[in-house]
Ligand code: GCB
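In the block that follows, a single chain appears as structure tokens, in the form predicted on its own.
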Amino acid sequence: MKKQKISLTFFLMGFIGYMVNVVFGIMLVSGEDKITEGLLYPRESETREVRSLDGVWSFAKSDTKQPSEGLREKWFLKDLADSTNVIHMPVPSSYNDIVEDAAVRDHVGTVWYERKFFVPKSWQTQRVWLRFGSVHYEAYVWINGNLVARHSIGHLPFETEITSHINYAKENRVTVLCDNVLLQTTIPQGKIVEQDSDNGRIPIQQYTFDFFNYAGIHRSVHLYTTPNTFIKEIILDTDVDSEGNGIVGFRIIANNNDTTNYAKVMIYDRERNIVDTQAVDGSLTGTATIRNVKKWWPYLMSSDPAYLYTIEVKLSTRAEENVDVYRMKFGVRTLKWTNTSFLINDKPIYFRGFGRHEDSDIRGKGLDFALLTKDFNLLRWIGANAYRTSHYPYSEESMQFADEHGIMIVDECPSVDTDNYSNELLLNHKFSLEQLIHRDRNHPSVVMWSIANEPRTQKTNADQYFAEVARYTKLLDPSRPITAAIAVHMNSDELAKYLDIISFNRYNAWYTNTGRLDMVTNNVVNEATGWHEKHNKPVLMSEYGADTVEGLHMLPAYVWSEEFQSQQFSKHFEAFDRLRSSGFFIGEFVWNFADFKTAQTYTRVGGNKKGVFTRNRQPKASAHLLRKRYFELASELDNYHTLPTNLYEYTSQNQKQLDRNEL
């Protein structure tokens, strides 16, 4: 009887979510594909106010055996503390590691958040919006007891208008139900099984991906205002003409289709000089020209990388000028790809970087600006020019950092270890990509879309499934190539033929031929060559590496030691250099940037230790080796000669000096 009750409860939660469709900007198209609207990043202007709701919220964990208890008892109708026991919980953060309680860390099911806030009387003449940067995995939101939003697929933002639900010049209450359950139809996938415990049968969350299923309100929560007529979206498309002028196509979408709306668009350079002005009406579509444009270049490819302009849009109506003003930064660059190369601004790119995770002590996947700043400082210190958002979209703030630091992004949707293909899974997979592309399409740092990580592409139905995913992604954005990190053998894979760039993950001398450093180089060369010969497309290695315990030293090199990680990297470097000379190999990504937490397993000592940095961002020996390689590649391939003065430590007067002339 208990087993039936638990299963029925999870079914009811899914059913409620399916029936509720109240999130602003999300509607059904042809009964299937969902389209996202709005979601401009919240920015203040002459016409907009923004307030943060970040801070300490009230928090309650539902009974694992009764995840819908709060819904049945309508906890959202009154203060959460009047219905159940609450504790303090910081927002943004994952809730799992905040308290010293395994029941919270390993919780399966629903949790509740609540906080109070005031809305000033002056906002009565405006429209008021509530925006969440990310809630994992599914969220329901109430304002003063009224259901205003529901969103699924964590790692992506959602918002809703709350104008008619708030009390002006009075206290208001926001309540959030967060459900972390992953099923065979969610992105990513998981499943719930029931097992016996000392406390009876309980639901257990299972998943195959190798990172911890952190949950909670992971990113910032904002209140913001817009006028009654407002700018809903700005869509940019940049190019460079034969004379070196930047061509900026823009489309402005207002919240109504009134043909009397018109807009003034101004482009500013970094010094806030106006470089072009355009006036548009009707369709609110136009083209700006930037004379002698300064292109957006990746880090170490230019003496002035990551150059950003600002677009300012002032929307007017027949009755009133400048009813809404919005500004955002953008870069001008071109992307092209062939069967052997990837080019930015007509220059071939060689990617050198990492797979990463949004992961750190205590805060889990919660947004933290100190950590974000440190990570980008380390990326520049080590000489990386790119990373992949493995295995889900990262914060909008991290995308802005990438724009400003010149770090190229392979932007990955949350589909990891995709298996058990179904129509419902396909719809969710496509929707995850639609939301991702909608959010990140204007970022110059985003140079490629990754539609999956290590999908089971040898399985029945994988061919048809990924043909549709690839088609849909290219329909949404034909300006960028698509890839996926493939782990199956090339002779079994049914996905690569639909990609523009082939990425493969392989752990030679770690998961295969463990410890055999003499079985790395040729295997990497042969596999990469095989992918290219089969599909005639550019190839990059999206993951390689070895778990390494900080401070473990063994000579001769032995698995888990810092010496082994460095030597395994070196064997890959040799393979990569041989492949570069063949003309089709375009990049190398270490797995991983930093150590990260995983589910509990005897193969993981406190988590995955493949980072070149520890979880608290301190370098292992391999970080110094990798730094030398990345800067040497920048010198060799991108003509970058301002090398760090401490790249090589002094050893003797006969030491070979790798200065700018020799490199």
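Since we're looking at a predicted model, the values are computed, not measured. Note that residue numbering begins at 1 and tracks the sequence as displayed.
The following text describes the form predicted together with the named molecule, which does not appear among the structures shown.
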Handout entry: Pose source in the predicted bound form; superposed partner the named molecule; site open or blocked by backbone or C-beta within 2.4 Å
Key = open
Exercise for the section: Tell me, please, which stretch of 276-284, 109-117, 507-515, 256-264 lies within 4.5 angstroms of the named molecule in the predicted bound form when heavy atoms are compared? Expected result: 507-515
Handout entry: Of Asp359, Glu396, Glu543, Glu434, the one that lies within 4.5 Å of the named molecule in the predicted bound form (heavy atoms)
Key = Glu543
Handout entry: Residue (of Trp591, Trp531, Phe585, Trp296) lying close to the named molecule in the predicted bound form, criterion heavy atoms within 4.5 Å
Key = Trp591
Practice task
Flag Arg150 as yes or no: does it have a non-hydrogen atom within 4.5 angstroms of any non-hydrogen atom of the named molecule in the predicted bound form?
Solution key: no
Practice task
Using a 4.5 Å heavy atom cut-off, state whether Phe596 contacts the named molecule in the predicted bound form.
Solution key: yes
Problem - Lys620 within 4.5 Å of the named molecule in the predicted bound form, heavy atoms - result: no
Handout entry: in the predicted bound form, Glu454 touching the named molecule (heavy atom, 4.5 Å)
Key = yes
Exercise for the section: Sequence order please: the residues of 197-226 with a heavy atom within 4.5 Å of the named molecule in the predicted bound form. Expected result: Asp210
